[in-house]
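In the block that follows, a single chain appears as structure tokens, in the form predicted on its own.
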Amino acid sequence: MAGYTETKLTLHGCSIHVIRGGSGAPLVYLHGSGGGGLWLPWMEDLAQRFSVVVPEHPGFGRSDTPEWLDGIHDVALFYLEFLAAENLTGVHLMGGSLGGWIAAEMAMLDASRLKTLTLIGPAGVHVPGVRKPDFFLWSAEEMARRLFHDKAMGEEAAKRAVDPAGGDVRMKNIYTVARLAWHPRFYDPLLMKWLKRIKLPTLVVWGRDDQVLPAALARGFAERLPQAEIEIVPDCGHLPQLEKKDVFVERVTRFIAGSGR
């Protein structure tokens, strides 16, 4: 697909890979634990309305792994400084899974450059009685299958997940995920305590059949962000932006348009 550029940006001694496309108000997307560095069809759709910015996290893919990267707060603070370095204001911040967790941490710490927040199947909270699978024990192939409700999409993803050409990047990404989310597993007690600081219009989108982070975890956000809109997408797994692209793009566009900010 055409219509995007790829650049490098260095901040605090860490060079990260950044993809940009479209025009309009800035929309920054933070990718999940599977990695980033790709310009995807749903991004192309949103780029018809927004200036879409997709950085690749420190420690992932074509970005550096800095010595100072120890936990989720390091990434959140890095991206707050990224927004300042890029002079981005009125940002529609969006994150999926691990990226949703990072986005929520950013909004909790400092929302001054943000306009809306969209969280897609985000990690970051713990709900008593809701069991999260230990996907550190899953093979890359099993993880890929479990990302989707649609079996054909899962099988296609599983084939890509075992491509030897991507082995080094996969190992790099897994190592960084462990650094960020090993203990406590994929949640932050500080975030749970202070999510109430987030006063932004917030949309939480979750696939009803998510096998990675169960949709019941949405309650953890609904209880702490009572003004948030919760959208549970039927017949959908962990990646509604891929599996239900048109539904996702329409819902996000409508949410942003109606945010009143």
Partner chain sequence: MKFFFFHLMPYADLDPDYDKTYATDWLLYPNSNYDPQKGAELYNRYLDEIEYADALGFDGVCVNEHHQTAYGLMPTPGVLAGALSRRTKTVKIAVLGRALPLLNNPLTVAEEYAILDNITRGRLVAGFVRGIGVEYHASGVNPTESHDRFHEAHDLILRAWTQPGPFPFEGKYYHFDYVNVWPRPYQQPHPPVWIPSQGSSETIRWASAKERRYVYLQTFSPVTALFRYMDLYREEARKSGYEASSDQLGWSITTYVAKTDDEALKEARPHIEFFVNKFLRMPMEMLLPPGYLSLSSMKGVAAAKASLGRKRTMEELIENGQFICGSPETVRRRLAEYQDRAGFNLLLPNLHFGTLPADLTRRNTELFAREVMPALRERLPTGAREKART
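Numbering follows the first chain given and starts at 1. As the structure is a prediction and not an experimental result, all values here were calculated from the model.
The next section is about a form of this same protein that is not shown, the form predicted in complex with the partner chain.
Among L190, A84, A178, V162, the residue placing a heavy atom within 4.5 Å of the partner chain in the predicted complex is A178. Although the partner is absent from this view, D70 contacts the partner chain in the predicted complex, with a non-hydrogen atom inside 4.5 angstroms. Interface residue remark: D134 is counted as part of the site for the partner chain in the predicted complex, having a heavy atom within 4.5 Å. Within 4.5 Å of any heavy atom of the partner chain in the predicted complex lies no heavy atom of V130. Taking the partner from elsewhere, T89 is found to have every heavy atom lying beyond 4.5 Å of the partner chain in the predicted complex.
For the marked spot (K8, W39 and A47), a heavy atom within 4.5 Å of the partner chain in the predicted complex is absent from each of the three residues. This chain is displayed without the partner chain, yet in the predicted complex the stretch 164-172 from 76-84, 99-107, 121-129, 164-172 comes within 4.5 Å of it by heavy atoms.
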